[in-house]
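Next up is one chain by itself, shown in structure tokens, the form predicted alone.
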Amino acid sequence: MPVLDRFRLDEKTAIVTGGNRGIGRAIAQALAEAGANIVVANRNEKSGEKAAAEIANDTDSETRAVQTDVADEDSVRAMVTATVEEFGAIDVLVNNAGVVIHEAAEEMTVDEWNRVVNINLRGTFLCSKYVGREMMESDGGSILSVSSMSAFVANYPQRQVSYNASKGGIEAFTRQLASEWAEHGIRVNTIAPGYIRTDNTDQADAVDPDIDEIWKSEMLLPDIAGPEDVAPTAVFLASDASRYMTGASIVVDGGYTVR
């Protein structure tokens, strides 16, 4: 098989949580361009439908938006059922939905902690659980979660202990799940982005206009990337091009974690 054909996802179905914006939106677009049918699963119904319509218009893929709260078990179960009813099976899951709260640990409330951990980590567990059950009934599949370099390093100058804890949990969850589900033909990996131009970085910029230069001073490459620079790695991990990889994490951070 020609090497580029191994990246194709024709006749595959992919769920992308938080696929309406940012990194998730770019990943959903890239998977569709590689041939996959796309389910955009996010809380905001209108923005999800808009993203799904745009992706369908730009590619030959079929798309659907399903309003989903990844931290709610009933909502996740309904999303998986709707996807199987529409497309017959699920081949790829991208656990991308996530939030961050910038707050000092000594000031953070339990509600703030729970909001981040419930969406980022509980959501990854719930989506993997119910999609994994479907994959076990078919020919397996690929689960990839968007972690962060924050799973491996402390961030500066922002304070975001709940976010880093949740992303560290995703990394540990991924390694264990890869071990447990390999016998079912399910590969489980993560992408760990560094600073990427998203709503989260824009919010940090609004609070501290100098923060970009602080971040870039720790990077080896000169610019902060956009979501489209993360998406090709997702295509790789979703496709047969990475069929010999599971339990792995790919860091995409402009060299921030090297030093």
Ligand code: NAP
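Everything numeric in this text was worked out from a predicted model, so none of it was measured. The first residue of the sequence shown is number 1, and the count goes up from there.
The discussion below concerns the form predicted together with the named molecule, not included here.
The contact with the named molecule in the predicted bound form, taken as any heavy atom within 4.5 Å, belongs to 199 out of 199, 228, 223, 60.
Across the options 129-137, 175-183, 145-153, 85-93, residues that bring heavy atoms within 4.5 Å of the named molecule in the predicted bound form belong to 145-153. Within 4.5 Å of some heavy atom of the named molecule in the predicted bound form lies at least one heavy atom of residue 23. The named molecule in the predicted bound form comes within 4.5 Å of no heavy atom belonging to residue 141.
Contact annotation: residue 212 falls outside 4.5 Å of the named molecule in the predicted bound form, judged by heavy atom distances. None of the heavy atoms of residue 29 is located within 4.5 Å of the named molecule in the predicted bound form. Residues from 161-197 that approach the named molecule in the predicted bound form with a non-hydrogen atom closer than or equal to 4.5 Å are 163, 167, 193, 194, 195, 196, in the order they occur in the chain.
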